[in-house]
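Read the single chain below, which is given as structure tokens and is the form predicted on its own.
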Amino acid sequence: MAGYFNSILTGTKSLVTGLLITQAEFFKKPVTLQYPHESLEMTPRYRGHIQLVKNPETGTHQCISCGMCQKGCPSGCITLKGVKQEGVKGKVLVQYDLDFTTCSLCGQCIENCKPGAIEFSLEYNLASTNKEDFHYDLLERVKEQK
């Protein structure tokens, strides 16, 4: 009989403790964001997919088509192509593709890029059921940037 009352007392104590915690948390400001209407501001150290850095003076990218990012990528997710054009010193970048489905976000491409032409983007809302949505043409994305 003592175990029965002890069980009731322990259960009641647990219930009261839970209700007190609920009451204390009820009046605090919620930390949950209402997703479609609100979004988080990403920290500068966030690692999204890579993107070409846009030169603010010229409005174009800074890539010199050296290919070091492509060579340094352990996943092999970067494909770039540069061609030699007459009247232009060095190669001109004509293709820069990223297959984000195989990217491991290791940062080796950014470490290997001597001119600092690529960086991690702060884009985090990447969800799709279509695999082709994760194949990025980074040259087109630079042109679309404001």
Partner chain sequence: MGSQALSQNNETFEINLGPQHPATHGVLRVKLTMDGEYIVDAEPVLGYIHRMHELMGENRTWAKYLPNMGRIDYLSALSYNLGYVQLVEKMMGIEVPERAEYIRVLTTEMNRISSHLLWFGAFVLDLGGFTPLLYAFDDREHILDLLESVTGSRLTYCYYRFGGLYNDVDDDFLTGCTQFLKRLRSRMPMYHKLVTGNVILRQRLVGVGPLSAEMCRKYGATGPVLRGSGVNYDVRKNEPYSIYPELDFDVPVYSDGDSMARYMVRMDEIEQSMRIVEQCIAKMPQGEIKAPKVPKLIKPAIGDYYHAVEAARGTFAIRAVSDGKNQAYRMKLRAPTFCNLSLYQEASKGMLLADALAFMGSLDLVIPEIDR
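Residue numbers count along the first chain shown, from 1. Computed from a predicted model, the values in this text were never measured in an experiment.
A second form of this protein, the form predicted in complex with its partner chain, is not displayed here; the remarks below concern that form.
Worksheet item: If you check Val53, Val94, Ile64, Met42 against its partner chain in the predicted bound form, which one has a heavy atom within 4.5 Å?
Response: None of the other options qualify; the answer is Met42.
Item to complete: Flag this candidate site as yes only if Tyr46, Cys106 and Glu111 all have a heavy atom within 4.5 Å of its partner chain in the predicted bound form; otherwise mark no.
Response: Spot residues vs its partner chain: full contact, yes.
Fill in: Touches its partner chain in the predicted bound form: Thr17 (any heavy atom, 4.5 Å)
Thr17: yes, in contact with its partner chain in the predicted bound form.
Worksheet item: Should Glu132 be counted as a contact of its partner chain in the predicted bound form, where contact means heavy atoms within 4.5 Å?
Response: Heavy-atom contact with its partner chain at 4.5 Å: absent for Glu132.
Worksheet item: With the partner left out of view, is Asn125 within 4.5 angstroms of its partner chain in the predicted bound form by any non-hydrogen atom?
Response: Close contact is absent here: in the predicted bound form, Asn125 is far from its partner chain, nothing within 4.5 Å, heavy atoms only.
Worksheet entry | Residues within stretch 83-98 having a non-hydrogen atom within 4.5 Å of its partner chain in the predicted bound form | Going through 83-98 in order - heavy atoms within 4.5 Å of its partner chain in the predicted bound form - there are no hits.
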